[in-house]
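Okay, here we've got a single chain as structure tokens, the form predicted on its own, with questions on binding and movement later.
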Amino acid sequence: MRKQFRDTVIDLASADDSIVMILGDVSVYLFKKFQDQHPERFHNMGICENTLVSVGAGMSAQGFNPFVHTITPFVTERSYEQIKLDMCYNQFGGNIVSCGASFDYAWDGATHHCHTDLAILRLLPDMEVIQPGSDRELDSLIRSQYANGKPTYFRLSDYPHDIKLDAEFGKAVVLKDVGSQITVMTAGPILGNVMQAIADLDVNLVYFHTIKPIDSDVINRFKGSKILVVHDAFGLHEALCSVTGLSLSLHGLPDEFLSWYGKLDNIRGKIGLDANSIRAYIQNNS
């Protein structure tokens, strides 16, 4: 997904002089072409995430459209105050683009995991929160949102799903509507496992790439069914709960640090977010 991020931004920057890149010593070589083409708009500031956000806000105040980019927990949890005050409070737009979502960096342990970013950022006034699940979704959503004058968070994963979907900001995608009394709702790259899990099950399926604003119209459409939420982070379930009168059940993360090492699939298997475990959860709750 990072390569798509690079390609989209380079394409946009060729026609938009307001785009600046602010990196935290991550993806620097990936953006070498951007640096060569626009050296005056390329800033690798090193491992100082709070400063990245503050500089991005300052750039926005001067009419630029910044892309602030580094590893997920460091640019969200560590820099939450800067996002809150420098960007949201001051109403400065800009794009925070992270990498290493949830446990993409499973081999680096809990310090590099991030599960709370979507949940905490959606609490900030006027913040847009986006979790694209594929390169195609990312490209579309960056193009539609990057210059809208609002602080916008894009959560990238190195393990996108391969389902071809059109993405319209703020609009959920109904992938399956069979009139069932069970509706599965999910978001982001975990959609691949969910699709595999429900292939022959009599359930509805709704997919979200935008966590804030959440698509309340689509949620209300399935309000009369039992909603089973499957997600590998906090944020979607909380956003769904903002719509009243729902019957919700969550299959997500345990209340513990995921202190195992390995690869993404290893962690998903350990906590029951592999396709077989998701299927069993849905069958047991139908």
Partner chain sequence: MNQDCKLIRQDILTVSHKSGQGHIPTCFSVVELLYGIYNIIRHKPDDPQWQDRDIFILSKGHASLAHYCVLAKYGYFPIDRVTSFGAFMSDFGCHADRLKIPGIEASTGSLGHGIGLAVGMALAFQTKKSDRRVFTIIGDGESNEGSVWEAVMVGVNLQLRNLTIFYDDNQSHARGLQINNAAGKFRAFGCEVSEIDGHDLLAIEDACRKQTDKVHVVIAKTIKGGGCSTTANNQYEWHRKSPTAEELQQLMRELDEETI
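Keep in mind the model is a prediction, meaning the values are calculated, not measured. Residue numbers count along the first chain shown, from 1.
Another form exists, predicted together with the partner chain; not displayed. Remarks below refer to it.
- Message: At 4.5 Å between heavy atoms, is Q82 in contact with the partner chain in the predicted complex?
- Response: So Q82 counts as contacting the partner chain.
- Query: G252 near the partner chain in the predicted complex, any heavy atom under 4.5 Å?
  - Reply: Result no; G252 lies far from the partner chain in the predicted complex.
- Using the partner position in the predicted complex, report whether Q37 sits within 4.5 Å of the partner chain, counting heavy atoms only. Residue-level check for Q37: no, no contact with the partner chain.
- Should M45 be classed as touching the partner chain in the predicted complex when contacts are defined as heavy atoms within 4.5 Å? Contact with the partner chain, yes.
- Query: Within 4.5 Å of the partner chain in the predicted complex, do V55, F64 and Y89 each have at least one heavy atom?
  - Reply: Looking in the predicted complex, the three residues V55, F64 and Y89 all sit within 4.5 Å of the partner chain (heavy atoms).
- Message: Which is the contacting stretch out of 183 to 191, 121 to 129, 212 to 220, 90 to 98, given heavy atoms within 4.5 Å of the partner chain in the predicted complex?
- Response: Stretch 90 to 98 is the one.
- Would you mind picking the one in L228, M59, L240, A233 that has a heavy atom within 4.5 Å of the partner chain in the predicted complex? Result of the distance check: M59.
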